Structure formats: structure tokens, C-alpha cells
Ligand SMILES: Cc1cc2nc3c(=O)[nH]c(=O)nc-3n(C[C@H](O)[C@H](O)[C@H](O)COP(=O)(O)OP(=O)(O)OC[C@H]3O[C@@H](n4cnc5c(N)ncnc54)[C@H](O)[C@@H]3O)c2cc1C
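Before any questions on binding or motion, here is one chain by itself as C-alpha cells, the form predicted alone.
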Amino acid sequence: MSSTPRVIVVGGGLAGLVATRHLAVGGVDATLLERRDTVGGRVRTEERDGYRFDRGFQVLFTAYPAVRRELDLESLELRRFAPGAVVAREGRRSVLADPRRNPRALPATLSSPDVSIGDAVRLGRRWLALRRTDPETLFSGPDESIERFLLDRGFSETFVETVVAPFYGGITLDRSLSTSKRIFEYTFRTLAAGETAVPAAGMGAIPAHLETRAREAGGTIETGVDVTAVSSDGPVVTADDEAIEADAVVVATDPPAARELTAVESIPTDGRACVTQYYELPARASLGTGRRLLLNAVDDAGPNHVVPHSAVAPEYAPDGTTLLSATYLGDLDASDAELAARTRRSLESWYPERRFDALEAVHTDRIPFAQFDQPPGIHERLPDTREPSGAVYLAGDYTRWSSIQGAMASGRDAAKAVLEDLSG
């Protein structure tokens, strides 16, 4: 080719940032256009009054292959959750830990009323089987719901309803466990192989890190540019009433916007919603769970789970305070004050020896489209990166599965497809 090909990437989420870096490394003129003032997409952190509020409950699974490939984890100064969780119900709490990593927690785990010896043995067998499995093969073959998958393999209803439902409610935003069992197998394998963490500076440090890597590779990133149309004839991107010609365009927006820009009907637009509310407490008011999640064992009006943020990452809160969050599943009409009252009632039910009058809501995120819905069989129906007509490509977790892994891997896929087609 006589000149360097120009590729426009639309959208500055994880997929777009990864695509931009790989395109620049591949030798093309890669420019990313993001409508917001900062990159990050659905992964972002707001800093205010000494607090760090991630946009909803988000964590990083360090064993994701794309995470290990695309990120310098040491530079992110990760703060790690303790493996396992604390399961809460009215009047009591029980600790569930991974005895492989914390043998001293074995007695407490074995005495838990929520996990039988049989459930523990089945979990161990499942891990041994999955560790020998290529994770990418988990997205092929027969599919069914997480609930059906576990019950058919002998797991007790108590374990499924009180442990798996709230834990995977946090991962899939689907407490009913109607999500594809492929998500359970992939994430369970990942959790057992690695750690769950957040950067000291918040989850927004991840896209900031990817932005730096993309710029260092030679990519250009322009924020505050609103792309309103993408044409395969050219192709041409229309941004702020200006037509920009390119040799290829990668659409890396959220699923609803990507479908509108490309008219690819296989892009999923049925989403899962959630509300995450953050609270401050005095430093002495720790929940006593250490760095573990607090899971709501009962499907009631309370939160699905509570996160002890400042116990995991002290950088999330000013000195002398405790920062918690509670996540509710679905798109709720309840006011911020009503949600705070619900959380207070739940905590006082789980901790009958304590009062939580000092609990004060300091931030609320209402996220109508946190991830796309993933019922059994959906992954065969997801679009390919080359699905749009002409030299237009897709990059987004909706080409793989809804996760940080899916988003980052899709960005690399899209860059690879563009480079192959431009050199062909």
C-alpha cells in the first residue's frame, strides 16, 4: 500500500482501547473517538471527598487470559479480596473460605449450615475437571441454566439457593441462576486459578492504563467526539457533523449504540440492571468480614451483597472512615433514602447485636444496562467481529460474553481481523 491505512475506533471502553493499541502496534494509523470526556465505558471510578466510587460493583479476575495479556498487573497496585465469602441471614453469619488457600478457615467452612460435605466434595471435583479444560471450549456444546446444571450434578438446593444464587447474582446480575452454565464454569475456573482484586486507585485505573499503552504504541485518542453515524460505503464516520473517511472502522460502543450504528440485529440489547449504593461508617464500625464479600442468603427486599471496600482497599476512603457498598439487582424505583433504609434493616438483621444508625449513603449508581442478558444458548447467536457490511468491524464483549475478559479479547480479535483484511 502506498500510504499508511487509517482506522477509526468508535468507543473508548476496554474493547476499543485494546483494539486501538493492537492496531497501532500493527502499523496502521489508529484513532479512537470517545463521546465522553474520559475513556472507560462501563468501567470507571468517580473520586469525591476522599472517596473512590466504582461505577457499580466491579472487580478484576486476575486469571483471565486477556487480563494477563493486556495489563501490567503490578503497576495497578492491586488490592485483593480474601477468597470465599460470608453468608448472612437473619440472626447469623457463616464464613465460607477456600481451604486450599486458607487451611485455618477449614473448620468454620465445614461447620457452615449452607455447605454440606457433599457440596464441598462436588466443588473440588468440578475444579479438578475444569483446571484440565481449555476455557475457550466451555462456550461450545450443550447449554443449560446455572441452576439446572448444578442441581443435576447433585448440589444441594440449600447450597444453590443461599450461596451460589447471591454469589453469581453479583457476577451475572441474575440471582435466579437462569444464566448460561458456561458463565459459571468459566468464572469458577478463573476464580480457583487466580485472585479477585481492585486497583488501589479504583477500577477506572484499568482503562487509564490501557489508554497509556495505546498512546505509547502510537494510537491517537480523542475524547468529547460524538459519532452519530457509520457508513460501510467508504467507510465513513460522521462525528459532530463532520464526515471522516477511513480504510476501516471498528465499532466498540455499548451494545445498544453498536446496534444503532451498524444495524446488526444479532447484537444483544436485552440488558441486566443494578443499583449500587455506597455508605460511610466510622472506622470502628467494621463489619468484621475482613476482605470478604457479605452475601444475602435470602431472596428478600435487601441487597444481593455488601462489599467492605475500605477493608479491601484502604485507598477507597478517607482515614477514619469505613466505606461499604450494597448492590441491588434490577432497575429499582426505590429512592436513595429508601435503599439506604433497606440496607440498614438488612445489616441489623444479620448483626442483631449491633445498630447501624450511623450508616450514611454517600453515592448511588443506577445502571440500567450493566451487562447484556446471557440465557442458555445465546453465545451461538452473538455476532462475529466481521458481521457488519464493508470494512466495518465489531469490538465489544457482546461478540464473546459479558465480562472484562470478553471485552478485552474482542478488542484484540477486531484489530487482528482489520490487519488481516488490510494486508490481504
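For every residue, the number given is its place in the sequence shown, counted from 1. All values derive from a computational prediction rather than experimental measurement.
Missing here is the form predicted together with the ligand; even so, the following discussion is about that form.
- Only one of Ala317, Ile146, Ala311, Val227 lies close to the ligand in the predicted bound form, with a heavy atom inside 4.5 Å, and it is Val227.
- Proximity to the ligand in the predicted bound form, defined as a heavy atom within 4.5 Å, singles out one entry of Ala193, Ala257, Val160, Val236, which is Ala257.
- Heavy atoms within 4.5 Å of the ligand in the predicted bound form belong, among the stretches 352-360, 22-30, 395-403, 376-384, to residues of 395-403.
- Residue contact check for Phe53: none of its heavy atoms lie within 4.5 Å of the ligand in the predicted bound form.
- Interface membership of Thr45, defined by any non-hydrogen atom within 4.5 Å of the ligand in the predicted bound form, is ruled out.
- Contact annotation: Pro388 falls outside 4.5 Å of the ligand in the predicted bound form, judged by heavy atom distances.
- In the predicted bound form, the ligand sits beyond 4.5 Å of every heavy atom of Leu138.
- Contact check for Gly40, Cys274 and Ala407: all three have a heavy atom within 4.5 Å of the ligand in the predicted bound form.
- Along 245-265, residues Ala252, Thr253, Asp254, Ala257, Leu261 each place a heavy atom within 4.5 Å of the ligand in the predicted bound form.
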